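Shown next are two forms of a single protein chain, provided one at a time as structure tokens under the names structure 1 and structure 2.
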Structure 1
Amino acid sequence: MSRKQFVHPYIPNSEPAVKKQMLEAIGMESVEEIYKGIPEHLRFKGTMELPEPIVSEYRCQRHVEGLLAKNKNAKENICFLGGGTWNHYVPSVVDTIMERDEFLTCYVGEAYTDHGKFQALFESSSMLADLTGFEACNTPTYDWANAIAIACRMAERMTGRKEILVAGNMDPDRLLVVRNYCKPEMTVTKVGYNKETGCMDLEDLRRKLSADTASVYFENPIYVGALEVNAAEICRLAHEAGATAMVGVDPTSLGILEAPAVYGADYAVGDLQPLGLHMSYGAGLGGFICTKDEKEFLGEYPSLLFGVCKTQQDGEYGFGEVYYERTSYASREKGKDFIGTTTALHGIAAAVYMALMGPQGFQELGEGILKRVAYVKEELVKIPGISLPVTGCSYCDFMVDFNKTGKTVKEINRALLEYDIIGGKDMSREFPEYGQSALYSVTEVHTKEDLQALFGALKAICV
């Protein structure tokens, strides 16, 4: 197909008469005269080997929909995966705002022309800070893992210390991100945990805390499906050693779980995805970092921070960049780490979600999830061969032990697909000490019938 046969709807000036007029205006015969600025030997002489274009939008839609139809999804199946991306309800109001071309297609404009973007992100930070109990929060990072990593380096700069202690029960993928980001400035050392409770081993923490410890990082809820009952004690021990304390949270849990600032954390980090972002094969991520509003903390953020500023119009909320000199945009290699395009739109989605939910919504969401999880756990252990390897209360995520069924998690999950169920995450690679165990996740989207379908299927498969 020759491109001369049509004017692409996205390239208006390829219309031959228009193109000719423009070339005439600049005194050129062809675009090649512009490309003469590129030395001949640096020019690409071949043809890119790409499929023939699907120029009809409709046909292209059909093509992509055909590919997406090959994916099993959580609308037609009951999905029990969580552990970093969760299957929560996304209110239509959030989708409506996310689809607004004003927010969707804006970029780095100042508050004079993008006032709404600044206010929405300011409100997003404000509400995240309400949930975590702090007074400062950044504009979004790439994801939770990136938020931990950045906060580790913030702690390193603030304390002058070079070691981070991380809970050995944290998500190993998040840890891989942290390890790479902390190189070469810091060492990252794991602290042991109790396999039965899932909680941090405080004796091991005491042993490892030292004058080199910049921060202690733990998760609450814990990745392996428990709550960190010693959260306050971990923070206290960290402070006693002159270190800071950092907790990774699921923000949706904070309607019922204590605010990290209250139990002594210096940094609360986590992901925006559960706050109104679809799972989208991991595309919903966006991280946040909350701290105290003190210069020693705020001055170490590499992220953009949006703050209120007066304008010529009395009573108008103006906005601007707070302490911009910190950033690498302003100071290149002398700035704090680096900053760039991250996940701002997800910050806006989270703002809409948090505003819709309010304190009541978060409380009811949290209570409902705790109940569903408790119910599922009670029912699952009735199935011969199935047990719970981690004791205590769980929020969304919990581990299920299949070792005594004689089947692998992989086999069970394959069999569950026959029942239109997407089973929990196989943990045998990440946490081999639990053997054939899976991380299941239950949220407010699961009905009693969904849960009973799981029990029925597992009974049929495992017994």
Structure 2
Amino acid sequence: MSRKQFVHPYIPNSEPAVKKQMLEAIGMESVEEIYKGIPEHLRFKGTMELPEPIVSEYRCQRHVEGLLAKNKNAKENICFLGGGTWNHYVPSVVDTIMERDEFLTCYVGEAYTDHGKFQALFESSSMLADLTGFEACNTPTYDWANAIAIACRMAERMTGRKEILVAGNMDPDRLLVVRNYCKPEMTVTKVGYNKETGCMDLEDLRRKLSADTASVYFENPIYVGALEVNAAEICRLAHEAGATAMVGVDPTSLGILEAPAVYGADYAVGDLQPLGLHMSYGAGLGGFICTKDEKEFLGEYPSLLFGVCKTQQDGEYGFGEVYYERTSYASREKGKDFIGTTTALHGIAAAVYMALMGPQGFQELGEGILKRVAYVKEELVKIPGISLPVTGCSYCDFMVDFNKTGKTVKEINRALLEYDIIGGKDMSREFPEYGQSALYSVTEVHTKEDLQALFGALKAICV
């Protein structure tokens, strides 16, 4: 068989007769006709330097596994990476339930494949609302950044204002998504922060609040490794200016930190990842938005909301989509937004995790993390050349200053790999004002032996 007629075993519909039938069905004679709209100057003219195809499925599997084996993963190494995707323990029952066929293969938007999916998403939203102190919560968005951006648009529609003030200490990657999503109608303006405490600069906030401000966004815990002790004051100042207040949260921290609704926030956003989702090379994400159960807020949700509904049988209730007419599914171009399946499956995983944990479990988790972080910070400053650039209490994430060691974070992280340790996130590019500092994360998975291994390795590398 010639190369031209080769049928690749892993590419669907590559068999010549099948390909011919498909082309005839769309009224074309060749694949080239499909791409004829692409200008010539954008087309690649040469031959791609690709290896010969591995036709044997077994050989292909061995090849891919060999490539994956080069990775340093968080299971076979001690991992201190955080900053948005954290290394938490995932109970095995979470995977077991999430992988059930009725959930795994269930499309999110419709009822025709519902086998408990609607109830699972209702329960997930209800527990997230309990954690944040609100009553309403949407089905998951793509991730935390997407949740912020959607909530910003919600605030703009509700207030009629066109500016969002965001804390300058927030995750820069999340900020990029927000800026892109708010273009071109809205302005996103950063508010300064105190380098030593990591907290928002309230004087700068006062100066920048105006009649154009739709919402003030800040994070608690803060991305740079602190707690926002002025959270209630930020919300108060926003409300005095006629704006809303939006807080980004790590949901696992809410077993020990005050719920956002209690200190005055109007929106709580965050990610489902720490609620029973594996790190998965930085994926396993799913954003959430929580608000009050009031029409002015509910009417601006672009995503699906699940609630308890009456059924055709008197006295019986079920779970289903509520306030459906505001979505693009019902109102098409008049809907608030257009979204797809996104990450509803992750919402179900989060429901299993939260139900397993319960209030007491979240409290114990938070207390355990706080104690570990306090212990690590106390021990790290005993190592010559190492200090903590941000003062105060931290949850999970905290920054470590390596400037006085004479080594870069990149050099230190490379050396730590020799000890089977994955170091903290290099912050020198995102926040150059801190110089050679790294964002470390400590969670419930880290044993005392893990932490002692880190101390020993850093002493050997830095001293």
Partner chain sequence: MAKVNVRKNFQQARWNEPMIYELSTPGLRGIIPPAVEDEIESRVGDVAAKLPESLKRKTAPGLPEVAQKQVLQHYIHLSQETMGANLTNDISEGTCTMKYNPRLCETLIGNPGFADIHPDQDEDTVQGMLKIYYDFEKVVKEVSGLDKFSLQPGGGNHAVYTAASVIRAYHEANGELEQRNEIITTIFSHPCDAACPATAGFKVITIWPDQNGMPDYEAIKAAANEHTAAIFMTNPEDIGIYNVHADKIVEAIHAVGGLCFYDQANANAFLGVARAKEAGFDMCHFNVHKTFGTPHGGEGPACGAFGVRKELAKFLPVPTVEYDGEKYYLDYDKPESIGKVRQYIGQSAVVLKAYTWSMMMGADGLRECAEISVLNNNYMLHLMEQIPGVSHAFQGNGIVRQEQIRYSFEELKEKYDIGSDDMNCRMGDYGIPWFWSSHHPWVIPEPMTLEPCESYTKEDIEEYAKVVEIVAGEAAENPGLLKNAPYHTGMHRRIQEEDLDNPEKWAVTWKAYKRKHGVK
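Owing to the predicted nature of the structure, the values given are computational and were not obtained by experimental measurement. Here, residue number means position along structure 1's sequence, counting from 1. The term rigid core refers to the maximal set of C-alpha atoms that superpose within 1.5 Å between the two forms.
Asker: Look at both copies of the chain and name the one that is the form predicted together with its partner chain.
Answerer: Note: form predicted together with its partner chain is structure 1; the other is not.
Asker: So, does D450 move by 2 Å or more at the CA between the two structures, with the core held fixed?
Answerer: No, the C-alpha position differs by under 2 Å between the two structures.
Asker: On a core-based superposition, does R429 travel 2 Å or more at its Cα between the two structures?
Answerer: It does not, since the R429 C-alpha is displaced less than 2 Å between the two structures after the core fit.
Asker: After fitting the rigid core, is the C-alpha of E418 off by 2 Å or more between the two structures?
Answerer: E418 C-alpha, core-superposed: shift of less than 2 Å.
Asker: Let me know the CA shift of P53 between the two structures in Å, rounded to one decimal, core fitted.
Answerer: P53 is displaced by 7.3 Å at its C-alpha.
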